[in-house]
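Just one chain follows, in the form predicted alone, and it is written as structure tokens.
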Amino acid sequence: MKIYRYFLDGMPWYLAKHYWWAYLWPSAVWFFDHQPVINAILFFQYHKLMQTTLNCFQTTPNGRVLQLTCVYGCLTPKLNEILGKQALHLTDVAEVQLHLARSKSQTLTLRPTRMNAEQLGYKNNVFHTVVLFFLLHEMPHEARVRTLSECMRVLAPGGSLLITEYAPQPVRHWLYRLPFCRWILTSLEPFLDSLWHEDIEALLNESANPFDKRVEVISQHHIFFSFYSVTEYRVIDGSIERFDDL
């Protein structure tokens, strides 16, 4: 019997099959949540990626904030600290990850809930900011579409979606140009290649359309010679725009 099947209960198949060893196995959760390990995995860019993401909160709308899935490192405690008395809603499908997050941010303002990012239990238009920190590259295309659709559903017009991720196909970056490095990356991250070829802005607008919304890029920061990016999208009421066009 394949090991990943022990982790399938209540988990998306791709998470259990490809990432059990990184996110679901308690021993691995302890190991990976050490700053030197996280920093090495992200080619020593973790602090810059985190700080750039947090800096975006200087311009994001005030209101409810959702961090969609837990992350290793100190992003969640830092975000909780920035928000002060304002609640930080944190959603993940894995209880072991939520337990870790609670242990690092023991405040009453952290609101952890167990949900699948592809099917959230929140009402429409209830959040003003949603944060996706290195989530989309770990999903197959279909799951990515459903997750972005849920983001568009729960985000209110005028809200912001912050996506910190691998940038589009980095054809000039040395990590991509070296076949061995590219093979290692795509072996450990089996859905990364599809993300590299994904037009996220177009996908977001397609997902937003059923909710009478659209998105536009407010800011984009390229990191590590455009290997990573931090992008802020603003959600706009599409029905008002269509009215204005008449």
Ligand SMILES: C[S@@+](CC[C@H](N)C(=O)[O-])C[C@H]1O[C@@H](n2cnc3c(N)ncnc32)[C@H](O)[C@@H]1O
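In case it trips you up, residue 1 is the first one in the sequence shown, and so on. What you are looking at is a predicted structure, and each value in this text was computed from that prediction instead of being measured.
Quick note: we don't show the form predicted together with the named molecule, though the next part is all about it.
Colleague: Select, from the options 155-163, 122-130, 85-93, 172-180, the stretch whose residues sit within 4.5 angstroms of the named molecule in the model of the complex by heavy atom distance.
Modeller: Every other range fails; the passing one is 85-93.
Colleague: Name the single residue among 65, 70, 50, 215 that comes within 4.5 Å of the named molecule in the model of the complex, judging by heavy atoms.
Modeller: Going through each option in turn, the one that passes is 70.
Colleague: Please identify the residue among 135, 151, 101, 110 with any heavy atom within 4.5 Å of the named molecule in the model of the complex.
Modeller: When the named molecule is considered in the model of the complex, the option within 4.5 Å is 135.
Colleague: All three of 12, 15 and 118 touching the named molecule in the model of the complex at 4.5 Å, heavy atom to heavy atom?
Modeller: All three within 4.5 Å in the model of the complex.
Colleague: Does at least one non-hydrogen atom of residue 97 fall within 4.5 angstroms of the named molecule in the model of the complex?
Modeller: Although the named molecule is absent here, residue 97 would touch it in the model of the complex, with heavy atoms inside 4.5 Å.
Colleague: Please determine whether residue 23 contacts the named molecule in the model of the complex, using a 4.5 Å cut-off between heavy atoms.
Modeller: Judged by the heavy-atom cut-off of 4.5 Å, residue 23 is in contact with the named molecule in the model of the complex.
Colleague: Would residue 28 count as a contact of the named molecule in the model of the complex, using a 4.5 angstroms cut-off between non-hydrogen atoms?
Modeller: Output for residue 28 is no: heavy atoms all beyond 4.5 Å of the named molecule.
Colleague: Could you tell me if residue 185 has a non-hydrogen atom within 4.5 Å of the named molecule in the model of the complex?
Modeller: Judged by the heavy-atom cut-off of 4.5 Å, residue 185 is well away from the named molecule in the model of the complex.
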